[in-house]
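Next up: a single chain in C-alpha cells, the form predicted alone.
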C-alpha cells in the first residue's frame, strides 16, 4: 500500500486528507501536525474577540477524531524536524522524543507564521500574535483578567482592520498603524480605501498611516506601555501584530525550489521541484490568472483548493489548477468591500498597462420604496486586449455574490466589451434594468 505522509493538518492539509480518503481507499495516510488542534477558521477570530459571536468552538470544522474515523493516522503535537528527500525519510519530535518515519509521497502543508517586527522591545508582555486558536484565546483571557484601555494594532491589512473594529466594539481606545499611505493597501484602490478610512475614523478608531513603528517601551513589570513610530508615540496596554506572514519552509528550503518570498515553488498540480513532493496552502505558490504567472496569495480558499488538487495528483489522477484571482472581502461596521484580481495601483507597480471604468448607482430602481443603498464598482482591464484583470465593489448592501462572476471573468479572459452586452436579468426587487455591472462596462473607454 502506497504511503502518503502529510505534514500539516490545517485548511490545506485537512482538504488533502479528506480528498484522499474519500476517493482512494488503497492509500495509507499518515499526518503530523505540531499544533494541538486543526481547522481553526482564523477569519472568525475578530468576531470572537469582538464578542459578535459567543464562542470560538464553532470556528472548527474538523478534528483529529474526524480524520481518524476516515482512516488517517493523525499525530498531533508532533513537529517534523527534518526531511531526507533523497531517501524519503522524516524525523519527527513527538513529546520530546525523535522518531523516524518514511514515505512514498509527501505533501507539505506547513502553513505560515505571523511576522514580528525586529525592533527594540518586541519581547515585552502583551505584544500579541493573532493567527491560531491559542492566540485568540490568550487575548480574550487577558482582556477578561486585566484592565486594558489602549490597544494598538500594527498593520492595516484585512486582519488588522478587522481586529481594530473588534477592540473598538469592546470600548477600547484603538489606534491602527501602518507604514503604507492607505488601509487595505494591497486589496483596493484609493476611492475604496478612502471610504474605509472614514468609516473607521467615524467609529472612533485612530488611523495612523505613513508611520513606521521603530520601538516598543515597557513598564517596570516588563509590560508594553508605548508604541513609538517615526512620527509619534502611542499609549499601549496591548499591541496586536498584524504585519503579514512568512511561509514555513525551513524543512525544505535547502532542497526544493523556492519563490521570491521563500514559499515552495509549485506547478499547477501543486507539485514541487521533487516529483514526489507536493506543497499546498500558505507555504506554497499558486498560479495567478490576473498576472498569468505564479504568485503567493495566502488565503484559506486557495489552501483548500490546493489541498484537493494535490490529493488527486499524489494519488495518480492528473488534475491541474484553473488558477486563482485572489478573491477576498471585508465587512466593517456594515461597509462591505469585495475584490478580485488586480487593482490599478497593483497593475502599475507591475508595469501592466491597464485602464479602468468606475460606476456608482443605487442597487434597485428609484421607484422601489425600500432601503436602496448605492453601489460603487471599478473594473480594471488591460489596454492592449481589453481583458478584465480586476474588480472592486463596495456598498452597505450585500454585494458579495457579484465578485464571483468577475473572478470567473478573469479566469476565462473575458473582455470588458463582452461584459457590456452580457445577458443579465432585471427584476426591481433585485436590480435595475441596466445595473451597475452593465453600466460600468458600457462606460468603459
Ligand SMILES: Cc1cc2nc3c(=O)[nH]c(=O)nc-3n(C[C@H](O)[C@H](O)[C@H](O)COP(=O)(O)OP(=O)(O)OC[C@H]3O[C@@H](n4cnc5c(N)ncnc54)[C@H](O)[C@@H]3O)c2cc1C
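Keep in mind that what you see is a predicted model, and the values were worked out from it rather than measured. Positions refer to the first chain, counted from 1.
Keep in mind the form predicted in complex with this ligand is missing from the figure; the text below concerns it.
Residues of just one listed stretch (269-277, 211-219, 359-367, 293-301) have heavy atoms within 4.5 Å of this ligand in the predicted bound form: 293-301.
Looking at residue 45, you'd find a heavy atom of it within 4.5 angstroms of this ligand in the predicted bound form. Within this chain, residue 78 lines the site of this ligand in the predicted bound form, having a heavy atom no more than 4.5 Å away. Of the heavy atoms in residue 131, some are within 4.5 Å of this ligand in the predicted bound form. Not displayed here, this ligand is kept clear of residue 252 by more than 4.5 Å at the level of heavy atoms in the predicted bound form. Of the residues 396, 35, 411, 415, just one reaches this ligand in the predicted bound form with a heavy atom at 4.5 Å or closer; this is 35. Note on the partner interface in the predicted bound form: the residue among 159, 224, 205, 375 having a heavy atom within 4.5 angstroms of this ligand is 159. Along 1-22, a non-hydrogen atom within 4.5 Å of this ligand in the predicted bound form is carried by 7, 8, 9, 10, 11, 12, 13, in order along the sequence.
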